[in-house]
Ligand SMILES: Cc1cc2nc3c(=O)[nH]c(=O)nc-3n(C[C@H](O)[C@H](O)[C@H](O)COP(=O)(O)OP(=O)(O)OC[C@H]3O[C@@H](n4cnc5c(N)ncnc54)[C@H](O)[C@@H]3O)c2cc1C
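Presented below, as structure tokens, is a lone chain in the form predicted on its own.
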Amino acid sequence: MSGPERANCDVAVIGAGMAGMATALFAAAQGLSCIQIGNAGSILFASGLLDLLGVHPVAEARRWRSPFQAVAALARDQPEHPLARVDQSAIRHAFEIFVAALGSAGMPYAPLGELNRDVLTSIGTIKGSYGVPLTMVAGADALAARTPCLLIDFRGLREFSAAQIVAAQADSWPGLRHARIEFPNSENSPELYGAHLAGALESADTRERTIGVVKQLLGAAQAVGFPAVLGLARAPQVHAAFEAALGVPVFEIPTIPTSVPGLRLLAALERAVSASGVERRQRSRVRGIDYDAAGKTATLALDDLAGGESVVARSVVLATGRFTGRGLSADRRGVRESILDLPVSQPDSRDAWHQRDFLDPAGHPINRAGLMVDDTWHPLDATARAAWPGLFAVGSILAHQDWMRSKCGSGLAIATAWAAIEQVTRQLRGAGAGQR
């Protein structure tokens, strides 16, 4: 009987959400052999926007035009925050590499600068974000100039209401109006779904029929907004076709999860990571990690194959996320890290997990639970020392941050992934990194 399959690499990345994808991309860019383990389902809930830092302090809900000024303020006020511990030049560089990889994989973004762009949301609010897909950027321009604009939605698409957006913006954007139209060949469908519309609009006939209806409604509109359904695998081409035919800038508005931009982002990241040479174990889960006696390698036991599989890595990066990603789990005794049972920074008792007010603007202490790391991104053990010299942690599993309220999810993932891989590379360089 043959034994378990075995693979070797410089870096094993556990997790395939935003932080895991960024870590794998950056490892490959450094010339490190990399195996990525895990399912990327959480990216399906993404809007396509790449937030760096939008709100600080959280309790004041202060929005920032410049994410880099926000990061500087964060570093002064909360130096323990993981994003505050990454140099701003490194953050810029990491974002540039990440966005370039997405563009090469078919999901181009507007050029990055110094400022967040304001974009409309599907409920009519305004959100600032640093990385904006090209299919959405004309909406930021229209919003900034309050350009006369037509918003289109489709009967039966319940996740998006152009009328609601117009009502929410009526006082500040008088030139904004809306229209609801029938999607081609859906007259008898009581409910429509974004992914189906996006796929259908890749057909020239469906696209032309839709454009023909919108043309009759244009009037004085100088831009047209749609729910984010303008194509799936060929979104840039579909978007360009709408702009060329309508003769005005066209933009998408992010919809609620699970969204078409989330599907696009997942597909683009999977293409980018695979093209970079990273090996992927998408249907695997790490059930345990053992370090060798010399402390030079770790063996990860996977649960995907009938005979089992193991990965031997010289470095391991935990990018497993929080509760939804199963990087953390909670029970009556407290919050635990799920693979190695590493100590988790958390309130002393369950009574202190939450504020009395569910909608407290400061958020809840449990939202800031996570792994503590040293200055080189090694998670700490119970003695406050690095758990293993080759173990690193990145992304939302890290303590002292509330990424959702701070609007820094992508920034946290991308910045800490870059910082950790810089440390991994320094550690391995000169010792045969890249050798399999």
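Sequential numbering from 1, following the sequence displayed. It should be emphasised that the depicted structure is a prediction, and the values quoted were computed from it without experimental measurement.
The same protein also has a form predicted in complex with this ligand, omitted here; what follows describes it.
With a 4.5 Å cutoff on heavy atoms, Ala419 does not count as touching this ligand in the predicted bound form; it lies far away.
Under a 4.5 angstroms non-hydrogen atom cutoff, this ligand in the predicted bound form has Gly321 among its neighbouring residues. Although the partner is absent here, Pro257 lies within 4.5 Å of this ligand in the predicted bound form, judged by heavy atoms. In the predicted bound form, at least one heavy atom of Gly325 sits within 4.5 Å of this ligand. Relative to this ligand in the predicted bound form, residues Leu32, Leu342 and Ala387 are all farther than 4.5 Å at every heavy atom. Of the candidates Pro379, Gly370, Gly54, Gly409, Gly409 is the one whose heavy atoms come within 4.5 Å of this ligand in the predicted bound form; the others do not. With the partner removed from view, the residue among Ala28, Leu391, Ala40, Ala70 that has a non-hydrogen atom within 4.5 Å of this ligand in the predicted bound form turns out to be Ala40. Listed stretches are 177-185, 278-286, 85-93, 359-367; the contact stretch with this ligand in the predicted bound form is 278-286, by a heavy atom cutoff of 4.5 Å. Residues of 43-72 that come within 4.5 Å of this ligand in the predicted bound form, judged by any heavy atom, are Phe45, Ala46, Ser47, Leu49, Leu50, Asp51 in sequence order.
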